[in-house]
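Let's start with one chain on its own, the form predicted on its own, as structure tokens.
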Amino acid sequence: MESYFLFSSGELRRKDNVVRMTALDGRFKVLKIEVMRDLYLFGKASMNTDCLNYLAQSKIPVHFFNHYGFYTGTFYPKEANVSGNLLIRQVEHYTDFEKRLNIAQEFIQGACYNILKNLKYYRQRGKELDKAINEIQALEKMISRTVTIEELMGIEGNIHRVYYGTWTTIINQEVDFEKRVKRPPDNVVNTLISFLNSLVYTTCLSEIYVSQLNPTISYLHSAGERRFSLSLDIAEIFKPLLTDRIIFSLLNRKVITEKDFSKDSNYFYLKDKGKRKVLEMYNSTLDETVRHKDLKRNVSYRKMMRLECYKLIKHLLGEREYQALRKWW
């Protein structure tokens, strides 16, 4: 199965048993439904209900991005894998505060562990990161002591503040990056973080779709804050492994430079050429495999996202306590 990324503008229509993208110049591209996992639209595409119905029947989520490459929303087909029992357990674990906090703490424990893994990797390569590692390890010990979600989010924010403070040490290019700025991203690094985080978020959402989990019921993020907030929860674990690692690689290898960005008013955005470079590395990283210590076979990063959903389901059903992914390789 493949993810399709469309940059050209035009019209999407169903043509027999395929979806056809016809560009403004009349050229067209055939999208094979039978091998499509999900669809990412970066250009201006129009489509009719016949096309949307066909995508929905084929259970294909469509993720939309605006001209600047910022994620704007997802067409989420009617869920095919539904379980009333699991939905009840999801809600129970949200409304029972202690149960919710335990799951939320585990998301942050996993994310923090993976952040430290990144820092220790670069320390081995001669970067002076001892001070930051010690600070984050001290914050890590406080995660299990938190008594509210707000306090937990505060710890998570402090971990990221210290972590982002190391990036100018890790990145070999001279970059202007002091802190995370989201709306709008104001420099090269913040733009890459926003773009890649949205890809991780949408990939998690596509994997949640094929599980029986309801994406609107989350534990770290408020269920009413974003529509698909469970995807935000699971993405926290994978951002250090995907977003951060890819940014370090893109910049340290000089695959991406300031020439791949444009500045509009007071913020930066990726040009199409830059987006393609990022997507190419993102897809190749998603397909990388590692030997799974429990399954005793190779699994990809994408597969690990789905496994994370299954682990959460087992926890909710009382079969096995959830432990977030910690990089072991």
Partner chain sequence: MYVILIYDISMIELRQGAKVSRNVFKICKKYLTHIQKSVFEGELTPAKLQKLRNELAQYLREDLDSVVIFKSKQKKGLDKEFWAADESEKTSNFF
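Numbering follows the first chain given and starts at 1. Just so you know, these numbers come straight off a predicted model, no measurement behind them.
The form predicted in complex with its partner chain exists for this protein as well; it is not shown, and the discussion that follows is about that form.
Chemist: Indicate whether E280 is a 4.5 Å heavy atom neighbour of its partner chain in the predicted bound form.
Modeler: The answer is yes: E280 has a heavy atom within 4.5 Å of its partner chain.
Chemist: Is there a heavy atom of E34 no more than 4.5 Å from a heavy atom of its partner chain in the predicted bound form?
Modeler: Answer yes; at least one heavy atom of E34 falls within 4.5 Å of its partner chain in the predicted bound form.
Chemist: Answer for F28 alone: is it within 4.5 Å of its partner chain in the predicted bound form, judged on heavy atom distances?
Modeler: Result yes; F28 sits at the interface with its partner chain in the predicted bound form.
Chemist: Tell me, yes or no, whether R276 is in contact with its partner chain in the predicted bound form, where a contact means a heavy atom of each within 4.5 Å.
Modeler: Residue-level check for R276: yes, a contact with its partner chain.
Chemist: Does its partner chain come within 4.5 Å of a heavy atom in each of I237, L241 and S249 in the predicted bound form?
Modeler: No, the candidate spot makes no contact with its partner chain.
Chemist: Which residues in 1-19 have a heavy atom within 4.5 Å of its partner chain in the predicted bound form?
Modeler: Read in sequence order, the residues that approach its partner chain (within 4.5 Å, in the predicted bound form) are E2, S3, Y4, F5, L6, F7, S8, D16, N17, V18.
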